[in-house]
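Single chain ahead, by itself, as structure tokens, in the form predicted on its own.
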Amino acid sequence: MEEKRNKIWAFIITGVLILISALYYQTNVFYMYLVAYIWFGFAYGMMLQYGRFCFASASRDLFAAGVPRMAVGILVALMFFSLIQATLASTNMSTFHPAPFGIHTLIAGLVFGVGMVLSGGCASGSLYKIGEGNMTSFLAAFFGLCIGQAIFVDVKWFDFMIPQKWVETAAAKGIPADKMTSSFDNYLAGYVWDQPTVRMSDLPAIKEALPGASKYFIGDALITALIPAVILLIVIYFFYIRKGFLKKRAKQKGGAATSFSDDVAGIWNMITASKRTTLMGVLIGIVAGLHIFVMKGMQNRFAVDNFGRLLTKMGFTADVSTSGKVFDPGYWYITSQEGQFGAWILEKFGWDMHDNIFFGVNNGLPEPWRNPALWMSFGIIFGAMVMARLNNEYKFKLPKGELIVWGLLGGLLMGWGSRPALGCNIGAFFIRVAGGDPSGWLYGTGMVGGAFIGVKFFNWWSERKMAKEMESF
């Protein structure tokens, strides 16, 4: 009976999304741009749930239990996606753009990494876990990624940390005073915007040595993504898998000495140990590339560079920023749209959220039903919910006790850690590295370091709690 009920719910959710898509198309053909985001989000949600893809789980499993399954799956996805990104860039069908490179990226990744371990899910992981019925993830996403992130970019709370030079640099950019009211505004305009952007295929040395399409495959894919990913796979194998695998291998061979071929077999065994996770890694890389291709095609079809232009054509000028745009990354991305949703809610309570750079100048603040990137996040939740229902893995779970604290605190740290680097585990790491932007590895290093700190903290907390319980007993 439960299995049948789950299947019915899966069909209902899918049917409702199909109906919504049809209504959008019926209203205006421009909304097909938004509909594309819905269904790519839906696909991401299904794949994330099926493969149990979560950067927090990968870090926790690796550092706490010595299990590299999820970390390996993420690296496999990254490698496939980098090749597709290079293909798209070589055909001028890419929407990717590099981000400002600086120490802020490393620091932001560190904060985000601690937060994702505390909350039990990264930005993308929290969304798919909401689809499974996990309300701790809902606390993290709603109060941290939505409300907390919106407040973070709109208030003065770390002015004491901002050098006077940043304030003067920001003022010199001529941004209207009514759009410069927060600490984050001075940080963005006074520091981040002046940092260099790096993409391997754009470096003069690479462009001169590798003319044509080869600069994307060698500079962006091979040098920036594939070689580092392979090195990481080898490091993971040597530290977590090799000893046990070679011992088992020697036993199978009757005590024969191990060789290079045995290590190659061990690495391959590590990659294929969980076919479900590896398969989803490959599919996520392919779908993420297809997403970029489709959004670029939509932009070419409607002759725009941003969905905000289409909103303006439809008369929704209040939705867009002063630059006539809304947040429309053109690829898989999390956190900025959650911040928009939180700001939209706060505005309903009378809080002016247009008086800052993040919403007022850069990303706009569209109504949720006209927000393409937010629909992608909703799509992830619904896609994960459908897959969880089909696999009979959906279970509504209310947080209790400590989980409430960890969910709220972790969510806030993720929200705060995503803004300084202008992205999260997806936008600031996965997408950037695959696109040839080495700043992604800087964020990833910070994120893994933060996750290690988070795991060590939880180990300390658990041991302390157990010791108190034993003392009482």
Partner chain sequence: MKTPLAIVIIIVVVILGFLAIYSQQHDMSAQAPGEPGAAGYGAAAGGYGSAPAAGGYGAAPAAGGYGHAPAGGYGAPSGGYGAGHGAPSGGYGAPSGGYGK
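Note that this is a predicted model, so its numbers are computed, not measured. Numbering follows the first chain given and starts at 1.
Just so it is clear, the following notes concern the form predicted together with its partner chain, a form of the same protein that is not shown.
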Counting heavy atoms only and using a 4.5 Å cut-off, do Y128, Y394 and S462 all touch its partner chain in the predicted complex?
no
Which of 358 to 366, 78 to 86, 129 to 137, 116 to 124 lies within 4.5 Å of its partner chain in the predicted complex, heavy atoms considered? The stretch 358 to 366
So, F457 and its partner chain: in the predicted complex, are they within 4.5 Å at any heavy atom pair?
no
Heavy atoms within 4.5 Å of its partner chain in the predicted complex: does F40 have any?
yes
Is W441 close to its partner chain in the predicted complex, meaning a heavy atom pair under 4.5 Å apart or at it?
no
Please determine whether M314 contacts its partner chain in the predicted complex, using a 4.5 Å cut-off between heavy atoms.
yes
Give me the residue from R276, K243, R301, K207 that has a heavy atom within 4.5 Å of its partner chain in the predicted complex.
R301
Among K156, K173, K248, K165, which has at least one heavy atom within 4.5 Å of its partner chain in the predicted complex?
K173
Using a 4.5 Å cut-off on any heavy atom, which residues of 220 to 238 would contact its partner chain in the predicted complex?
none
